[in-house]
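One chain comes next, on its own, written out as structure tokens in the form predicted alone.
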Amino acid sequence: MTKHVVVTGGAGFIGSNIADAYIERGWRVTIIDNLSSGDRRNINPGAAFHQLDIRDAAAADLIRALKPDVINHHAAQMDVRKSVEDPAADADVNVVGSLRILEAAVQTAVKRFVFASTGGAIYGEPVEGAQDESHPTAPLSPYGCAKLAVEHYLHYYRVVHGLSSVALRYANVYGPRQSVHGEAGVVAIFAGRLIDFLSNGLSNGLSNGQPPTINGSGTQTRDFVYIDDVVAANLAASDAGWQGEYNVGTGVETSVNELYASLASIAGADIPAAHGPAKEGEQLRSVLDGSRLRKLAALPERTPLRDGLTKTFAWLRDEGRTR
């Protein structure tokens, strides 16, 4: 029998790639997205689409009417800076909105609930080495606090109501369909700016444009995980019965300076980055140990950063700049 999955946030960068993968497997897919940050062009024509906000009663009513087998919950307020500026608004979407979806899941006896959580924002600064799932959780932003709160709610619904659920704690996800606008996609932002320079014949001089800007010294580090690896983790989590929280990361720590140098090399552009003021309260290090999930789910080898950046740059150059 064909499985039916509801993907919230399915018009977004990550959610739309996951929706495509479900469709390729022959699943019936329904997407719920309010298009506040998603793009209608990302929506697979094979999916049913409903433009709804997860906080609206209509979204929960739709889930109760559809009675899906799986809910894959990616709808979120994802801008860390906005969460700092307005913690209540962030919690309204990321906590209250998630609770409305969880309540509907329980009421319709959904068989599996997959939640898009966050690694670095939940763990805070690493105590030592790569952060595995046993690392202390010490969020440094309201966004991280909200994601951790939903993980606690998942535990409640699992223990008290029997809802089978898993939280996937993402590192910094990048890849095709990532927007060049906004705070969350440093790979896309750097690549987009490099492409703009190249398209204007500015690869060897900056007199007519602004170079890409690195906030602070650029020595701050992140774990960059390619979208295909995230999709594989979601498919495995949808099929499985294991519960709890799992990292989706590479275990490789890359500085922002190193990331920019790699992208400039891929672009063939001799453009030094400018350095602006550091973001107040920005985490200095983040790297996730994703080996537990890779072993448990028998996931394919992680995509090397250079390979993923090359694919991402090509997509942004050919398609992404018009978005």
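Don't overthink the numbering: it's just position in the shown sequence, from 1. Source: prediction; values computed, not measured.
Separately, the form predicted in complex with a small molecule exists; it is not shown, and the next lines address it.
Residue-level contact is defined here as any heavy atom of the residue lying within 4.5 Å of the small molecule in the predicted bound form; does V173 satisfy this criterion?
Looking in the predicted bound form, residue contacts with the small molecule include V173, since a heavy atom lies within 4.5 Å.
Look up in the predicted bound form whether Y22 has a non-hydrogen atom within 4.5 angstroms of the small molecule, and give yes or no.
Taking the distances in the predicted bound form, the answer for Y22 is no, it never comes within 4.5 Å of the small molecule.
D53: heavy atom within 4.5 Å of the small molecule in the predicted bound form?
Contact check for D53: yes, within 4.5 Å of the small molecule in the predicted bound form.
Partner contact for L284 in the predicted bound form: the small molecule, 4.5 angstroms, heavy atom
Residue-level check for L284: no, no contact with the small molecule.
Just one of V166, A191, A146, A76 has a heavy atom within 4.5 angstroms of the small molecule in the predicted bound form, so which one?
Looking at the other structure, the residue within range turns out to be A76.
May I ask you to choose, among T118, Q131, T250, S83, the residue with a heavy atom within 4.5 Å of the small molecule in the predicted bound form?
Contact with the small molecule in the predicted bound form is made by T118 alone.
Quick check for you: of 62-70, 27-35, 270-278, 252-260, which stretch puts a non-hydrogen atom within 4.5 Å of the small molecule in the predicted bound form?
Heavy atoms within 4.5 Å of the small molecule in the predicted bound form occur in 27-35.
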